[in-house]
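In structure tokens, one chain follows: the form predicted on its own.
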């Protein structure tokens, strides 16, 4: 379905004449542009039949924009993109413009309004969010391909991690090995957290050496052809002990229960509760401190959220993470994360890396 259909619906809902899309991931989703500077302006066509789209960028992207952009007329005026729209009369017959309030500062909105006297600027959130969340089969395959690179890196790490290796050294390998395998870039700074630092869900790698008997939480991902991967695995370097195994088993069962329950239409908080209930029944409910997951696509964190804090039906064809965790302060943490695609009768797991507790010889 054309992005113009989605924008047409938003224009009707908010009683606006035109829309200005400024959030670059949404611009890429809508018309294909992958550069760092651009605006997408949509208004009623001059013949009154449907909508017309205009993409505006600067001279660095003259060739790139004309190669990439679809379903929009390309304009390359220089660096003054919005003033170009004003100067060329794009607002002459427009009374109101819909803009992405969740991605535009008050100062930016005021600047636009100051240059378009008589035009009402209507802020709305999630203008394209729900449409972007519903992935095409091509998008799903791109996420799968990015996830495969991350899985290959995980397999590589299993041959290199041993006592005495530092968290930072593992993180450096994560970065290098992703790029060496063709990734565009990492989708976030990798998390490598050993022993008691594993109880910090977003720990940053340090120069602390990994010690025998410790669990190591590894959370990593990359972008490939614009789409993100995201995977967490927890491994043991030497025998971790009975309680660590119990916690790992609990997190694994919680994740498997959530994956079994995941489907289009289930409420976000209901799916979160499936995993949370397993963890609470095992006595660790106070130590699962974050939501179950999030959407993945052109951003590594996008809508929808899978959390007990929000309640809405999850859309078909959304790619989401399922990542429960247990974090015991000053002791250790466990998190396991896969990406799944929601279907009407279940989900498809894009992650194939093993989830049994891997114990590396110490």
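Numbering follows the first chain given and starts at 1. Note that the structure is predicted; figures quoted are calculated from it, not measured.
Absent from the display: the form predicted together with another copy of the chain. The rest refers to it.
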item	value
Partner-facing stretch of 132 to 140, 69 to 77, 100 to 108, 239 to 247, counted where any non-hydrogen atom is within 4.5 angstroms of another copy of the chain in the predicted bound form	100 to 108
Listed residue that, although another copy of the chain is not shown, lies within 4.5 Å of it in the predicted bound form (heavy atoms), from 120, 211, 172, 158	172
Position in contact with another copy of the chain when the complex is considered in the predicted bound form, options 184, 256, 280, 151, heavy atoms within 4.5 Å	184
4.5 Å heavy atom contact, residue 162 to another copy of the chain in the predicted bound form	no
Residue 270: touches another copy of the chain in the predicted bound form, heavy atom cutoff 4.5 angstroms	no
Residue contact check: residue 189 to another copy of the chain in the predicted bound form, 4.5 Å heavy atom	yes
Residue contact check: residue 180 to another copy of the chain in the predicted bound form, 4.5 Å heavy atom	yes
197, 303 and 343 all contacting another copy of the chain in the predicted bound form, non-hydrogen atom within 4.5 Å	no
Another copy of the chain in the predicted bound form - contacting residues of 200 to 215, heavy atom within 4.5 Å	202, 204
